[in-house]
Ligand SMILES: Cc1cc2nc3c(=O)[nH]c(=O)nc-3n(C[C@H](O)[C@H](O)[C@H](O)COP(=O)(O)O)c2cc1C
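We begin with a single chain expressed as structure tokens, specifically the form predicted alone.
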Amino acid sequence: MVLFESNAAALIRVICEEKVMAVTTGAGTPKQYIAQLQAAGIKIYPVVPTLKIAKKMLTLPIDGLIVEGMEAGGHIGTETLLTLLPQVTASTELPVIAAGGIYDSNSIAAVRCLGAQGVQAGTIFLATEECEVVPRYKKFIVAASNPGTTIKKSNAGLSARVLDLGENNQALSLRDAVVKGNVVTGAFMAGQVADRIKRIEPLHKVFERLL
């Protein structure tokens, strides 16, 4: 749930109506929506890119945190998961989920050593047969080679990790990438783990690798 979106309040209402089990929030504070979400029995997990923001979120009645390193795709901070995660897990007894660079069971084992109780992964699911992004998006991920990603400013003026498609790619709109496959304006967001993805495969293969 990206909180700076103009329709955030409407999306929160839908989430509550549909009785979603948990919601992750980013790009803003969920403070004004917490009472509404809790009344619907929904657990709240803010995404945090820094220890400072993590501590700010911990002053709110949340259920856990998602710690995102700069290896992740999309909007990111400036700290790696390896340095940020242990600082956050040392600061709270709430469940902490690790995000950024998750590829397989070894990735999960590594972050568990640093105190994480679960993982959030995105990029590894983009190049699956079941994913509904345009085929061009999947092909770009498979074609990525180190360094396959770069950091650009998004439409919102925030730093975002995207596939490196050259100078002509302005990386302004995620929708243009997902729906249209537009190589000029599309923000083909992907984490650094894209460099390890070599084929489009069925979803169950990704879960087998994770488990």
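Bear in mind the structure is a predicted one, so any value in this text is a computation, not a measurement. Note that residue numbering follows the sequence shown and begins at 1.
As for the form predicted in complex with this ligand, it is not shown, yet the points below apply to it.
Undergrad: Given that this ligand is left out here, which of Thr92, Gln117, Thr83, Gln120 has a heavy atom within 4.5 Å of it in the model of the complex?
TA: Result of the distance check: Gln120.
Undergrad: Using heavy atoms and a 4.5 Å cut-off, decide whether Val2, Glu71 and Tyr137 all contact this ligand in the model of the complex.
TA: Answer is yes for this spot.
Undergrad: Can you check whether Gly101 is within 4.5 Å of this ligand in the model of the complex, heavy atom basis?
TA: Contact check for Gly101: yes, within 4.5 Å of this ligand in the model of the complex.
Undergrad: Verify the contact flag for Val47: yes if a non-hydrogen atom of it lies within 4.5 Å of a non-hydrogen atom of this ligand in the model of the complex, no if not.
TA: Residue-level check for Val47: yes, a contact with this ligand.
Undergrad: Given that this ligand is not shown alongside this chain, does Ala127 nevertheless sit within 4.5 Å of it in the model of the complex, heavy atom to heavy atom?
TA: No - in the model of the complex, heavy atoms of Ala127 and this ligand never come within 4.5 Å of each other.
Undergrad: Consider Ile62 of the chain shown here, and say whether it contacts this ligand in the model of the complex, taking contact as heavy atoms within 4.5 Å.
TA: Output for Ile62 is no: heavy atoms all beyond 4.5 Å of this ligand.
Undergrad: Heavy atoms, 4.5 Å, this ligand in the model of the complex: which of 164-172, 30-38, 182-190, 48-56 makes the cut? Say which one.
TA: Within 4.5 Å of the partner lies stretch 182-190.
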